[in-house]
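Single chain ahead, by itself, as C-alpha cells, in the form predicted alone.
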C-alpha cells in the first residue's frame, strides 16, 4: 500500500491537484454548513437548492476529477524530462512531500471553515430575500416589486410562487430566465413586462399550498368605501355579501368554478386572456356544456386553457390600482385626511396629469395655498401629509421608464374597472340548447347597499 501511496503523494504536489483539493474541501465544508438547513426544511428553498443540490456537488466532483488529472500531467511531464524518481522515501512525517500535502490540506480546510462560517448563512439569507429577486438580479421588475411590497402576499417569498419546490420547475424557470437575462443585458426586454406570465407554474402547485378552493367558504361581507368629488368629499358605502362557496357542489363562486369534480376550460384569442371565444363547463356528473360567444370567434391565435385561481385572481400579489380606487382606499384608511375640502377630486386630477411623483406634494400644497388660504394656514401639516400619501400612490403605480401607467395591468377580480367576470358572464354567450352564462348580480353576491351614506344594514350589524 505504501508503495502505491508514495508516488501519489509525491506527484500530488502540483498546482492542479492542489486546486482540486481546494475545490473538494470547499464543497465539503460548505455542504456541512448547509446540511442542517436542508434536513430541517420540508421543501428546500429553490435558491438554497441551487447550492445544495447543484453547485456544491458539481464543485465536489470537479475537484475529484482535477486531483488525478494533476497527478497524471506531472508524471507524464517528469517522465518525458527524465526527472521521474526511481525510488521514493518512506511515508512518515520526515517525508517532505507528505508534510507539504498535509500542511496544504490543513490550511485549506481551516480557511474554508472560517470563510464558510461567515458567508454561508449570509449568502443563503440574501438569496432568500425578496430584494434579491426584485432588485438585485431583476431591477427591470421594479414595478412588480413595488406592487408586491403593498400586496396581501408581501410576506410570501417571490420564489414560493414563481418557482416553488422541486427540481423540475426550478430548471424550467432558469431555462426561461436565460433569454430574459440576455434581454436585460442587451436592453431588449419589453416595456412593460407582458402579463399574464404564460409559463407560470400552475396555481394548484403554488397558490393551493396555502389556499384551498374546494374548502367551503362562508358568505363574506365586503364594504366598499367611495368618496365624492364635492367639497365635503361625501363618503358613501356599498355593501356586498359575497357568495364564496366551494366544497359544496356548484354553490358559490369557488364551488361553481373549481368545485370537487368540476372543470372549466376556455378559449382565448389574445395574449391577455380578455377575448373569450367559448367556455366549456364540466359538471361533477361528467356533463359538459359549451357556451359560445356570438362575437368572438376562434382563430389562429386561439389558445385553450383550463381555469385555475389566477384566471380571476390574476393580480394576487402585483396589484396596480387606478387613481380613484387608490385615493378612496387612502382616504378610508386616513392617510389622506378626508376632511380636507376637495381632496378627492384634486388628488385624482393630479395623479392623472402628473409626470413624476416628486411634483405631486408641491401641486397639492399650491392648490390649498392659492384657493383655500384659511385652510392652508390652519392645517398645513395635514396638507403635507396628503401630498406625501398621494405621491406614494403614484410611486407604486406609475413607472414611466417601463411604460407602466394607470390601467396598464388589467385586474380580473370584479367588473367595475375592467371587464373581469364579464369576460365570460356577458349574458350573451350561450350553449347549443340556448342556456346562457348569466350576468345576474345575485349569482356571486347579494347587493345589500349601494353608494349609501349610512347603510341601514351596517347599522343593524353594529358597524
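Bear in mind the structure is a predicted one, so any value in this text is a computation, not a measurement. Positions refer to the first chain, counted from 1.
Keep in mind the form predicted together with a small molecule is missing from the figure; the text below concerns it.
*Asks:* Tell me, yes or no, whether residue 358 is in contact with the small molecule in the model of the complex, where a contact means a heavy atom of each within 4.5 Å.
*Replies:* No.
*Asks:* Would you please decide whether residue 440 lies within 4.5 angstroms of the small molecule in the model of the complex, comparing each non-hydrogen atom pair?
*Replies:* Heavy-atom contact with the small molecule at 4.5 Å: present for residue 440.
*Asks:* At the 4.5 Å heavy atom threshold, is residue 406 in contact with the small molecule in the model of the complex?
*Replies:* Residue 406: no, not in contact with the small molecule in the model of the complex.
*Asks:* Can you tell me if residue 344 lies within 4.5 angstroms of the small molecule in the model of the complex, counting non-hydrogen atoms only?
*Replies:* No, residue 344 sits far enough from the small molecule in the model of the complex that none of its heavy atoms falls within 4.5 Å.
*Asks:* Given a 4.5 Å cut-off on heavy atoms, tell me which of 370-378, 262-270, 387-395, 296-304 is the interface stretch with the small molecule in the model of the complex.
*Replies:* Result of the contact check: 262-270.
*Asks:* Of the options 277, 332, 71, 256, which one has a non-hydrogen atom that comes within 4.5 Å of the small molecule in the model of the complex?
*Replies:* In short, 256.
*Asks:* Of the residues 350, 383, 310, 322, which one places a heavy atom within 4.5 Å of the small molecule in the model of the complex?
*Replies:* Of the candidates 350, 383, 310, 322, 310 is the one lying within 4.5 Å of the small molecule in the model of the complex.
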